[in-house]
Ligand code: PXL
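The chain below stands alone and is given as structure tokens, in the form predicted on its own.
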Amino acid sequence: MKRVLTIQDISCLGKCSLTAALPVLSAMGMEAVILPTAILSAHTEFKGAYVRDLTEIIEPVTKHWKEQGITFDSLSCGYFGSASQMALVKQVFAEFKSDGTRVVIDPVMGDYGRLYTGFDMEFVEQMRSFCREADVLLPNLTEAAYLLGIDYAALPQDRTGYEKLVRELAKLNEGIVVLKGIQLEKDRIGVLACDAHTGEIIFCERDYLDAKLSGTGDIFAAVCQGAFTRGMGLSEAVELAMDFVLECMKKTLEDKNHRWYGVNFEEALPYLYDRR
């Protein structure tokens, strides 16, 4: 069985980050090991959430793993509460990456053209440097703009422009980049992926569901990590991630009593298990 490590926060309530990644990776048939960077009573769309920073556990936890001879088939990370955590995780990657171990980075910084609360341009600069560690980089459009130092309003509006953008992003990590949230038609949404090693570019579209549902980015990232770890190619991995997120959203919107703070990914796990 493949063993994978995912490094991000735990939102006790909210169906995102580690509480979403862990069951998704398990459904894909792998042992998911977690390294929490913080614990939140609920994700940040809840007002007044309690947050406990866990930076101090990163070094002793990973030291113990090294003493036990633990190895991983892939490594991933998501939201960081601070730049100091980013520096520590970079060390973790250096310690546990070996031949064949893929590093998947979701450079969580912002959305809809703005940085998330608490992040500034210094954080962006450090994230840009950190992204060079990625074998697979998973930015949304806002994060892509900040990583490349361009105005969000000046992002391209056609496929040719997006292909140029994703090739520029691939120069950061000299690996795979999957750019999320591209909408060339009103009723369609897609991702554009580029492999800097082979020059391959793929564009994958699905129906656009006009609903803002938390946690879909974390789920997409977890499926990508699982798919690449299982040896899927670029097109197959991206299509599986898109299909599963769409299935999660459909299950959620079909439920008239669904929770406002996340998607019903639990109901879609059999779909993922069958497709893995």
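So that there is no doubt, residue numbering starts at 1 and follows the sequence shown. Just so you know, these numbers come straight off a predicted model, no measurement behind them.
Not pictured, yet referred to below: the form predicted together with this ligand.
Engineer: Which pick from Val103, Val178, Leu169, Val108 sits with a heavy atom within 4.5 Å of this ligand in the predicted complex?
Structural biologist: Contact with this ligand in the predicted complex is made by Val108 alone.
Engineer: Find the only residue in Phe72, Tyr146, Tyr79, Tyr162 having a heavy atom within 4.5 Å of this ligand in the predicted complex.
Structural biologist: Exactly one residue meets the criterion: Tyr79.
Engineer: Counting only heavy atoms and a 4.5 Å cutoff, which of 59 to 67, 214 to 222, 237 to 245, 28 to 36 contacts this ligand in the predicted complex?
Structural biologist: Careful reading of the contacts points to 214 to 222.
Engineer: Flag Tyr152 as yes or no: does it have a non-hydrogen atom within 4.5 angstroms of any non-hydrogen atom of this ligand in the predicted complex?
Structural biologist: Result no; Tyr152 lies far from this ligand in the predicted complex.
Engineer: Ser17 near this ligand in the predicted complex, any heavy atom under 4.5 Å?
Structural biologist: Result yes; Ser17 sits at the interface with this ligand in the predicted complex.
Engineer: Is Tyr116 close to this ligand in the predicted complex, meaning a heavy atom pair under 4.5 Å apart or at it?
Structural biologist: Looking in the predicted complex, residue contacts with this ligand include Tyr116, since a heavy atom lies within 4.5 Å.
Engineer: Wondering, does Ala227 line up within 4.5 Å of this ligand in the predicted complex on heavy atoms?
Structural biologist: Output for Ala227 is no: heavy atoms all beyond 4.5 Å of this ligand.
Engineer: Residue by residue through 30 to 55, which ones have a non-hydrogen atom no more than 4.5 angstroms from this ligand in the predicted complex?
Structural biologist: Sequence-ordered list: Leu40, His43, Thr44, Glu45.
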